[in-house]
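What follows is a single chain, given as structure tokens, in the form predicted on its own.
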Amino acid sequence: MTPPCLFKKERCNRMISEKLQKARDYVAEQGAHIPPENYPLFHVTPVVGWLNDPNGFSVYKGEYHIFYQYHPYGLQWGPMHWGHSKSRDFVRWERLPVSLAPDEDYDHNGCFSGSAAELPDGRHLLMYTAGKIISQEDGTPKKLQIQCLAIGDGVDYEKFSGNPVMDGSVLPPEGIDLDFRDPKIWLEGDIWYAVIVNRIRDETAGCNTGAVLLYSSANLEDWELAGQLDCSHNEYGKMWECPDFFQLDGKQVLLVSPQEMETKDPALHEGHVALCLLGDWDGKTFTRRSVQPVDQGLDFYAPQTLLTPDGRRIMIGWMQSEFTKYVPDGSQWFGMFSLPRELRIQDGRLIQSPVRELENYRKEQTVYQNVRISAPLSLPGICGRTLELNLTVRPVEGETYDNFILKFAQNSRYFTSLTFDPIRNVLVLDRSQSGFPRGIKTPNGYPAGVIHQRTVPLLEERDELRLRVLLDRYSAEIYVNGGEQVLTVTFYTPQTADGIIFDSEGTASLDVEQYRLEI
């Protein structure tokens, strides 16, 4: 049965606004002067300007679309537009014209995060949070967050004349309309659903806290609150953002991105992070069973997923930390997305792997086996900034080692390192020597230096450590032991810093397999 949809083309504004056209023209003009080698090879970036949260990650007419929070006119957060790219294989991305601009009275304070879906009639639906400022009775301004719709053909999108379709009237009594955002929409049978985060007055915690609300609609215009899925109670952050809700391998997954999380759990990290809440879902109630980090590196936030036609659940995230909004001198763009990752559940754990399509871009292979390391060592042919590096580290029979160190993006001045301590069974990711400034304050008042290093306990003790490292000019994504843990880091050192060094305190044995990656 085709679900009813009250969207009629004549009810939408078909004009491209002056503000949207201005953004499109500006991006096209600025981008014409930037050489391709200034961008990552296989990660989504804007042509110019600021990128943050991924939005609208969806399949439309057989292609994968990704939108993003976008400020085209500067290298800092600003009036939010929606940027747009698409791909046929998650690796080679085509930039498309800016899709949304804050050009209506109800979204003049910004077109914020949201999602997308293909309509039964073949059009592409966007659902986004709009920022609106109203004047209160006493004349003071008040910010509101409301939910709006736009539809289009994969390039041009028309905002629905009936916007907003959700405002504070659909919140529960304890809901706060200032923090009501980031809808993730999907269709089940003939009913549309959306999960949306909201800050609520939490009597249990004695303060305001983040929660995930579930809404349903038969026609995309009239939405009803179906219930609250989960709540932080300030145990996992003061506010949640960017929810996603889906089934995977017999488990129900709720992804959230907590803000200002404080924790003493060594497996979790403080600040702005991404969490995977695994649980059970009976169609009415979500029962949380476990809380796991999505990424334990320095730069990963606000992930969003899609379901491919071949049944894979694919996730992409903002490859940046809230506390490291550092832009190198001379940069014309800021922010990038992770390589999309395939997800699965194994033994109650979230397992992540790089999308398999990346293997189609493997070129020259270099292999070494059973290399003994007891001092700094470089291997012929093992170097570069766009490559896949597969490593297996093990002790040599009859000997022990205290630390194995991998240094990459290395030259006489810079490097980023990953150290494995087998005694403590931890990994230490460190980019303190990768050119980031020290002692500066971010907009939130945090010193940038505090997040140059991350210590990550491994899940199990094993005789072998397996690492899969993806380097792409300005970043590394490190998959540990088959993807049961992932660490992501960005760095903006010169591309000539392309050395790779292996080191060990004591003697270790190493297998190395490297593929150069080319698009």
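Note that this is a predicted model, so its numbers are computed, not measured. Each residue number is its position in the shown sequence, starting from 1.
Missing here is the form predicted in complex with beta-D-fructofuranose; even so, the following discussion is about that form.
For Phe408, no non-hydrogen atom is located within 4.5 Å of beta-D-fructofuranose in the predicted bound form, even though that partner is not displayed. beta-D-fructofuranose is not drawn, but in the predicted bound form it has no heavy atom within 4.5 Å of Asp244. Within 4.5 Å of some heavy atom of beta-D-fructofuranose in the predicted bound form lies at least one heavy atom of Ser113. Among heavy atoms of Phe300, none comes within 4.5 Å of beta-D-fructofuranose in the predicted bound form. Among the residues His124, Arg385, His84, Arg181, the one placing a heavy atom within 4.5 Å of beta-D-fructofuranose in the predicted bound form is Arg181. When you look in the predicted bound form, the only residue of Tyr73, Trp77, Tyr414, Trp186 with a non-hydrogen atom within 4.5 Å of beta-D-fructofuranose is Trp77. The chain is drawn here without beta-D-fructofuranose; in the predicted bound form, the stretch among 48 to 56, 469 to 477, 31 to 39, 486 to 494 whose residues come within 4.5 Å of it by any heavy atom is 48 to 56.
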